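Shown here is one chain on its own, the form predicted on its own, set out as structure tokens.
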């Protein structure tokens, strides 16, 4: 397998292989199988955790990198095509190009134009497969399994690419999914069609209280202001869901109940939740480092 573009492309066996190698990297922070390889990082859309962990993973494994953040100061603003950019970097003997962009579907076109591995680090509101893999890793380490879990997604399910990717990734593991959102931010039809095709049970809700005591994982997301064409529509829903430690006290939560969040958070998770036994979102972010090391390893060495 050359490229990591969508969770649709990965089999259950491939997902488990990546998680197995990620665990090896978490156990041994000095492990590397990509020493002195070349990695290009093109982050053409804002990023903190994804770019930071991809960069740190490359450097901790001994790879050399070229890092571009934003289009300002690059030849993209002059009109250079991605085909020419990729052709140039392949001449540097790079093995992997990690790309984040606002353009949905961009990575398929890029992959067809180079022999380098293309890693999708987010394409608009579409897919975010490396985030899904670290989410699956985090779910597995908190629940000691991936199969037969009940998982709720809360917040912006329309524009949230992490929710779409993770729903598809979980479909291999017989979950029951609960989608909690305002009416204007419901999960998209393509995800629902995919889940129906895979015979995965799911339901839609407007309140967390309806499902919170049933689930193993509560996956919170922020309402993404930057995705709204009309600011008024954002202000109508920006405070739709809010977790506090006090709020959580009123429920009989499962013993292994954990809260995940792809971050950044705005106001949907109060800092009071950070010290509860349910918070796992900062450990989740740390797992991005180990998972992205595994992605580099397996895609550079073409062992997946």
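For clarity, every value in this text was computed on a predicted model and none was experimentally measured. Positions refer to the first chain, counted from 1.
Below, we refer to the form predicted together with a small molecule, which is not included among the displayed structures.
Just one of 276, 65, 47, 32 comes within 4.5 Å of the small molecule in the predicted complex, counting any heavy atom, and that one is 47. Think of it this way: in the predicted complex, the small molecule has a heavy atom of just one of 245, 263, 253, 237 within 4.5 Å, and the residue is 263. This chain is displayed without the small molecule, yet in the predicted complex the stretch 49 to 57 from 266 to 274, 49 to 57, 66 to 74, 32 to 40 comes within 4.5 Å of it by heavy atoms. Taking the partner from the other structure, the small molecule in the predicted complex has a heavy atom within 4.5 Å of a heavy atom of residue 131.
Among heavy atoms of residue 164, none comes within 4.5 Å of the small molecule in the predicted complex.
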